[in-house]
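Here you get one chain, nothing else, as structure tokens; it is the form predicted alone.
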């Protein structure tokens, strides 16, 4: 039997707008296929061991919650998280988690707060929030129609990609990273970053399966592909949302 270990990082501080549903989706889609899922919660003061996990999830939080964990993240977990990323561990980082993987966060007052610096992006805080349904496409994702992903965004920070930054996808409807350049999220190695709450993976099973597949291929040399599941309910719900906001 295959087994994957999932780390939920700062679950008590970073869990906005149903982000925990991403953990639930990963667990259920693994269990339905007979894959064992072990979930660990790692928070303030806990050790993060890069060799212990196959998938790491970092959710979103308000500015106050993020300010609480900065010192712990940089001082005690940065080295381990960086090692895990470089070794190909799968990461899903939503909103605040997305911002924390970048170079820095600049507050509306002009204070520049260093982040993990693993990925080439940075975030500028603003007074105006970017809120609403979000639809974006991921090239090569086998999800009808056209690799479209649906979610919900609610963020005041505007994130910009540097020269080495690669977007996760292209905005079809909504704001995405900043409402200016048409990009949504970021991708580096097996790290997937997005502003999509709501939660992301239950609405988009092909993306959940992509994360699981990458983790299994990294861990098991004999793994080939996942057994298909009946996702017609999810597909119909996603298509209904897409048709509501995009004119054909």
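Numbering follows the first chain given and starts at 1. These figures come from a predicted structure and were not determined experimentally.
Just so you know, the form predicted in complex with glutamine (GLN) exists too; it's not on screen, but the next bit is about it.
Highlighted residues 137, 167 and 185: none comes within 4.5 Å of glutamine (GLN) in the predicted bound form, counting any heavy atom. Exactly one of the stretches 98 to 106, 173 to 181, 84 to 92, 139 to 147 approaches glutamine (GLN) in the predicted bound form with heavy atoms within 4.5 Å, and it is 98 to 106. Proximity of residue 61 to glutamine (GLN) in the predicted bound form: non-hydrogen atoms within 4.5 Å are present. Remark: residue 23 does not count among the residues lining glutamine (GLN) in the predicted bound form, judged by a heavy atom distance of 4.5 Å or less. With a 4.5 Å cutoff on heavy atoms, residue 155 counts as touching glutamine (GLN) in the predicted bound form. Glutamine (GLN) is not shown here, and in the predicted bound form it never comes within 4.5 Å of any heavy atom of residue 190. In the predicted bound form, 16, 17 are the residues of 2 to 33 with at least one heavy atom within 4.5 Å of glutamine (GLN), listed from first to last.
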